[in-house]
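Presented as structure tokens, the chain that follows is alone, the form predicted on its own.
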Amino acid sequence: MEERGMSREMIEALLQEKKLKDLSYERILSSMCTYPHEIAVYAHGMFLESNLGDSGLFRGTREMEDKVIRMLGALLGNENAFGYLSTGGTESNIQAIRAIRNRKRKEGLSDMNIIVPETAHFSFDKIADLLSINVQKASLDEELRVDVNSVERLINDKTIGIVGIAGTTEFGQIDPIKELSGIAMDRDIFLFVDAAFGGFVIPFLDENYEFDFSLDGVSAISIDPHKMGMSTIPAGCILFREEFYLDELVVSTPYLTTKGQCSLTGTRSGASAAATYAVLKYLGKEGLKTIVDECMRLTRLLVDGAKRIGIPPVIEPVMNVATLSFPESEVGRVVNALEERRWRVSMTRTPKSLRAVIMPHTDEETIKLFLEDLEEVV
């Protein structure tokens, strides 16, 4: 830090210099984030100083968070769900598993484990470390969904929870949550649905999928407004069917305006809560469906175009994630060649393939340009 501060003009020039080094989303097909909606940006700026970690000072912001919880709960089959706005899927995943771990610890259980699909987000590796829980990974079926029989084989008397993914990060696939719900109810096991990405997509698809609180066995769900919800970063959400799970997370906060805190972070952005409230109110279900419909149309356009040049999908897209199949030795070359043409795509693990996420910042012209470059590259 310099002894004396710099002028506003110099700071703006420095910021612009750094901004130019960031990629813009226009040619990014690897991210599950996007430009926030303009109404979200407006609301975020209005509430920059608001801290939900000391919510008694910011009652209007707290009211918005409460209403967002009700809106998201209703979207996911339970208007009376309990939860809070987190920093995103990783925090939500940690908190869901921490809640059931704390409850089972009080019951005297030790050496606990949870069962997740092989396609589970890497945050579950963090969970294994942070919570000292054994994370067992169930195999997949031919459609890259978790194999229910594999889940059942892994359950033992130390299993405290099972996880299903509603919108896998790599393939955009939806695990058979209904079948997992049946297992959870039969075995009296906590079922957590990671819908960080799919939560704002699946309810608006033409095909009906059962994945949320409408299934009695679902105990908790995560959903990220800063992905397909068009809110600002960071905006995630963890929802529980029963309030007592939040009680398992509470710590005393004697010097704040609240008696206790159930969130993982202390200071929490009220700005992203306001942004989420504003964008959900502005778009409504109709607006969200319009966004999902367009993303799905463009996803099909990409996959159909890839097929015409001889590149099949690994699976037919379930949501706005397309994975294109190449010989394993070729995938890395294709991804690197596209990067040289300023495209950003990614690779899945198993089976190894090219992955493209079609977010709201993508338009038809972008898809056509990408397909042209893809054809030249291959």
Ligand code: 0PR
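The numbering used is simple: start at 1 and walk along the sequence shown. Remember, predicted model here, so these are calculated numbers, not experimental data.
Unshown form predicted in complex with this ligand; subsequent notes refer to it.
- With the partner omitted here, the residue from 117, 172, 199, 89 that has a non-hydrogen atom within 4.5 angstroms of this ligand in the predicted bound form is 89.
- Among the residues 33, 41, 57, 337, the one placing a heavy atom within 4.5 Å of this ligand in the predicted bound form is 33.
- Only one of 287-295, 188-196, 148-156, 304-312 places residue heavy atoms within 4.5 angstroms of this ligand in the predicted bound form, namely 188-196.
- Using a 4.5 angstroms threshold between heavy atoms, residue 227 counts as touching this ligand in the predicted bound form.
- Of the heavy atoms in residue 95, none are within 4.5 Å of this ligand in the predicted bound form.
- Proximity of residue 255 to this ligand in the predicted bound form: non-hydrogen atoms within 4.5 Å are absent; the residue sits far from the partner.
- Among heavy atoms of residue 104, none comes within 4.5 Å of this ligand in the predicted bound form.
- Along 163-184, a non-hydrogen atom within 4.5 Å of this ligand in the predicted bound form is carried by 165, 167, 169, in order along the sequence.
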